[in-house]
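A lone chain, given as C-alpha cells: the form predicted on its own.
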Amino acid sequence: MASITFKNIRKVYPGGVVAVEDFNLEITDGEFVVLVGPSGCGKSTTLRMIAGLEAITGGELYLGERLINTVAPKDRDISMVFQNYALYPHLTVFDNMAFGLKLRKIPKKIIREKVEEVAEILDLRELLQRKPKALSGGQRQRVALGRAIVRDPAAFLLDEPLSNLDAKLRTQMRAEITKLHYKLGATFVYVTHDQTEAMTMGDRLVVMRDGFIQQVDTPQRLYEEPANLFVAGFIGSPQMNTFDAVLTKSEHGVSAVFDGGQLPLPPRLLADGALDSYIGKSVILGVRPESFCLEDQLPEVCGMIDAGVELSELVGAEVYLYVKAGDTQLIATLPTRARANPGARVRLAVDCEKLYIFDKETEARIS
C-alpha cells in the first residue's frame, strides 16, 4: 500500500480550459478519501491523473516516495473501478477477474487461488462461470471491484462506481465498499457528486469547485464547520437555508434582522470579536433545516419565526416543511406531527446556537 501526494497539481486542456488548479493534498497510507463536488469541478480529472489516464500540466504527483508524473498507467501499481464496470462481455466472471493477472504472466495456480479468495470476500463464488449479461448491476459492480482487488495494488481509484445502480442497491454497495476498505486496509480514492455517499464513506472529504479545493476535513467537521458558503450549501441534506440579513446592535444584544423576522445571536458567536466589524452591515445567514423546532421544544437561545406553509413533504419519521417568512424561503426538518397544509401559518423556533454567518462578498464563514 502507499500514500498519494499532490504538490501544486495543475491540469489545463487544449484551448486554455483549466480543469484543476493548485491542488495540494496528502492522502495517507490506508486512508479512504472522497473527492466530492458538482459536475465539472475537476474531481474525475484528478482521479484520472492519479491513474495516468490524463497528463499532468504542472506540479508533482507521488505514489509513496515515487514521482509518477510520467510513469505509464500500467506501471503505476494502481487499480481503477469505473462507473460503467468496463467488464469484457465475452469472458466469464472468473476470466474477467483474472485478466490483469494473466497479462502479468502470473502462474495459473496462483491466479486461481487469488480469484477464489477475492470471490469469497465479495460473495461471488457461485457466479464465477457466469458472463456479465447474466448478472445484476450490483453483481457486475462486485466483479469490477474483484478485478481490481486481485491485483493487490498500492491504491484503489473508484470513479462514481455506484451511479448506475438504483437507490436500494446503491445503499447496499456503499456499505459493501466501506466494509471492503476496512478488510483490505488499502488506500482508496473515491469520486462522487453525491454528498450523502461521500459523508457515509470517507475518512476525509475533499470538496471541490471549479477545479479548486474548497475544504478538506472529516465528514462531521465539514458539516459542523464549513469553511465557506459553497461547502455549507453542498454538505447536508436538505441543504442549509441561506438568506440575506443585517446585524443590528441594541441594549438587548446583537440580532440578525432579515425580511420576515430577526434572530438573536448567542454570546458564543460574538465572543471572538470576529463579527464586531459587521455590525450594521449585510451578511448571509445560514440555518440548517434540522435547527428548527416546534414552539414547545424551545432551545436555550432561540428566535421565533412566523411563516406561511407552502409545501409539506412526509419522509418517513420526519416532515420537510417548506415555509415563507416575508420574502425569505425556508425549509425545516421537523417531527411528523408538525405536518401542515399549504396556506397554514406556523410559528417555528430556531436554535440560534447553530446559526452560521458568512461574509457577503468573500462567502467565507465569519462565525
Partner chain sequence: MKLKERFDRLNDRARDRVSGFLWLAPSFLGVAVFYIVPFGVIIYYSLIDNPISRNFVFLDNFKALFQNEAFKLAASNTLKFSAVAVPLAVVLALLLALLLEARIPLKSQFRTFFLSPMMVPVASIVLIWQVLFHYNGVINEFIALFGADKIDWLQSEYNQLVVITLFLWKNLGYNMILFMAALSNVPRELLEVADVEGASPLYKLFAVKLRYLSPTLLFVTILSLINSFKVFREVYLLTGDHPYEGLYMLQHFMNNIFKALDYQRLASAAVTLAIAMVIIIGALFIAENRFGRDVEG
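Residue numbers count along the first chain shown, from 1. These numbers come from a predicted model, not from an experiment.
Although it is not shown, the form predicted in complex with its partner chain is what the next lines describe.
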query	finding
Triple contact flag Leu53, Phe82 and Leu87 to its partner chain in the predicted complex, non-hydrogen atom at 4.5 angstroms	yes
Location of its partner chain contact in the predicted complex, chosen stretch of 251-259, 219-227, 174-182, 99-107 [non-hydrogen atom, 4.5 Å]	99-107
Its partner chain contact in the predicted complex: Arg147, any heavy atom under 4.5 Å	yes
Heavy atom of Lys281 within 4.5 Å of its partner chain in the predicted complex	no
Residue contact check: Ala198 to its partner chain in the predicted complex, 4.5 Å heavy atom	no
Heavy atom of Lys131 within 4.5 Å of its partner chain in the predicted complex	yes
Among the candidates Lys74, Arg268, Arg125, Arg112, the residue which, in the predicted complex, approaches its partner chain to within 4.5 Å (heavy atoms)	Lys74
Interface residue in the predicted complex among Arg209, Arg170, Arg151, Arg204, criterion: non-hydrogen atom within 4.5 angstroms of its partner chain	Arg151
